[in-house]
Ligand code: ADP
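So this first bit is one chain, no partners, the form predicted alone, shown in structure tokens.
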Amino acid sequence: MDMHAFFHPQHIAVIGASANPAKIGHSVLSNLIQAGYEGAIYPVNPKETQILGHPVTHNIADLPRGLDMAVLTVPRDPVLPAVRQLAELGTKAVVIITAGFKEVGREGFHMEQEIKEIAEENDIALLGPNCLGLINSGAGVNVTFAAGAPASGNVAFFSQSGALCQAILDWAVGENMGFSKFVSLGNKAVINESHMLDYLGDDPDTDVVLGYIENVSRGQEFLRKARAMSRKKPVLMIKSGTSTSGAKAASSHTGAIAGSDQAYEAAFQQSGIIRVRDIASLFTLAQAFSCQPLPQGPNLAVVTNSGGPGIMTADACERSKLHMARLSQETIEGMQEFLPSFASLHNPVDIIGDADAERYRLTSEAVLRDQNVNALLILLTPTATVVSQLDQVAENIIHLANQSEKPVFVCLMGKHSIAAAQQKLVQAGIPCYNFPEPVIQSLEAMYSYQQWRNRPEEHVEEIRTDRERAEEIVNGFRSRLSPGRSVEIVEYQAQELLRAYDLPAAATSIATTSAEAAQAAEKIGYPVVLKVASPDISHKSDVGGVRVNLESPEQVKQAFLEITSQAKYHEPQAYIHGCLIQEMAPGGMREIIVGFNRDDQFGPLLMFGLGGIHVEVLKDISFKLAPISRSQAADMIRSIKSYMLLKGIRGETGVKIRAIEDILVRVSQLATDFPDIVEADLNPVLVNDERAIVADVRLTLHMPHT
């Protein structure tokens, strides 16, 4: 696709252009002219001869060949024939503003699919349908029907919601916020968020990328593009549709807990995207990222003329990843020369309510020079002394920030008296806020992004497996499946599959009689555990299908008879193969859970957490998308709130963290190697300071529709 023709067209046809100001075709043409577009414009209308001073082309067939861009504003039914004609003319880019396609039903869906096929066959960069259009400020291109146009800037924005685009454009005009590119993706028939990330990553006019998405097309491609993009420029994104009502039901713990939103959260974290929860925060952060350098460390210094707001800032800082900087003795002694004796010289630096513009300047310069300071917040409340000098305060801050390689933020608390100074600072590219909390939010995001950019690329290690044995086990179950159906790989074979990946499955045997069970127990070694073996019973304890700590042949035989009879009583239709005999783990081992659930967009989503109440009630769980590196496995373990219970506290011996990392890496490889294993539940996994044992495992195989 020719994305250059999409953003830098030399000629544009507006198909459905209208002389009626109430029509979308008129708005698009008018916006294009008012944007100062200098290329050739071809309004297309079968009846008019001239619209807004431009001669009209009556038929698409009369347009020149090799047209860079065509914008369709006609009703739905003529769109498909129009796209066919444009393809025959060799048109490079098409924007379909018209709605009424897959968003409204079957007929529209099939029509959109035909349009998509034509575009892909003819290598057309197609935007929409059902979109607002696009803006490229630097090229004077505005083919939207929005009222008003934003100023030029270094921030790009794309969105799946056209209505949200209109609201944000109107807001941006009111706030005098500029955009380099502004794109409404609509139904994403061809051009999607991955294309936008790919293009904007190399766009010289764009320093920050904002996005609003409701879903992602081709999740793995999106991850690759986002990962490459975020190494170059910050990507801030809102993902809507996060409620649990949309999560599909699943039978395992992993499937029930790992919903769609966890997959997006993991995708964003692993690709360096900064996830934002609301529109206000999106543009608060955009302002900061677009005009200030990234902090090289977490240490913030605050200069204020009021103690209360300074303390509020310190409190907000304490709740974030940032730290209040410890000022050097040299800085403190330097400030003593010009600050009143009753000023507070320790961070936050309180220069007292009678501070004037000169006192602010001297203090800010001294603090910013300190090697322990990575960022500066100048906080001001409109006292009588300083209000009359706010213009000079703003001038001094602008000069200071322009000379500094460290980020400088300003918080002017109030409204009426500080408005002019605030506007002056914003126009000069200095982030200026009314309250300190958004400053901390912005700086924390910038510091986290700086850490991400400095992090080395992850390397997923190759692990040795008995792939042939694993394929043999899985193929045995595949042969029983018809398309669209699922089957659970019963525990004995599931344990064998784990061993093929060198996972520490508990020593296990299967018996069809009580005598065989006793012989197996002797071979494994007492004490042992007995579990019912049935492909039809998932939750064994619910049917009395588990006995633990059996220490003699007599106990094993008795347990076998009780388990099989009780299971048959509770599940009369179930096929009871017999019992599994399994080694009994040593006492005092910690219980954890490891698993994965296959997300429709991104693939296998790994889960890790402590077992028992921690996963059932507290939901103390971490997620990552497979495949993962060993360092990412370590991150998963460290990121749960109860990590210190594994590490060991108050003299307790910690568990072998390396053994858990190894399990996560190998389960990640298993999930990657077998796309038709859609759920895995290793629960519990028992671990102590010497080793880990997978005590129970459930794997679900699904045959997709062909």
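Everything quoted here is computed from the prediction, not taken from an experiment. One-based numbering along the sequence shown.
Unshown form predicted in complex with this ligand; subsequent notes refer to it.
The partner is absent here; in the model of the complex, the one residue of His539, Arg277, Arg455, Arg106 having a heavy atom within 4.5 Å of this ligand is His539. Contact annotation: of the candidates Ala99, Ile311, Val548, Ala634, the single residue with a non-hydrogen atom within 4.5 angstroms of this ligand in the model of the complex is Val548.
Although the partner is absent here, Asn136 sits far enough away that none of its heavy atoms falls within 4.5 Å of this ligand in the model of the complex.
Although the partner is absent here, Glu117 lies well away from this ligand in the model of the complex, with no heavy atom inside 4.5 Å. The closest non-hydrogen atom of Gln582 lies within 4.5 Å of this ligand in the model of the complex. In the model of the complex, Ala695 approaches this ligand with a heavy atom inside 4.5 Å. Of the stretches 470 to 478, 409 to 417, 525 to 533, 386 to 394, only 525 to 533 has residues with a heavy atom within 4.5 Å of this ligand in the model of the complex. For the stretch 659 to 695, the set of residues having any non-hydrogen atom within 4.5 angstroms of this ligand in the model of the complex comprises Asn683, Pro684, Leu686, Ala695, in sequence order.
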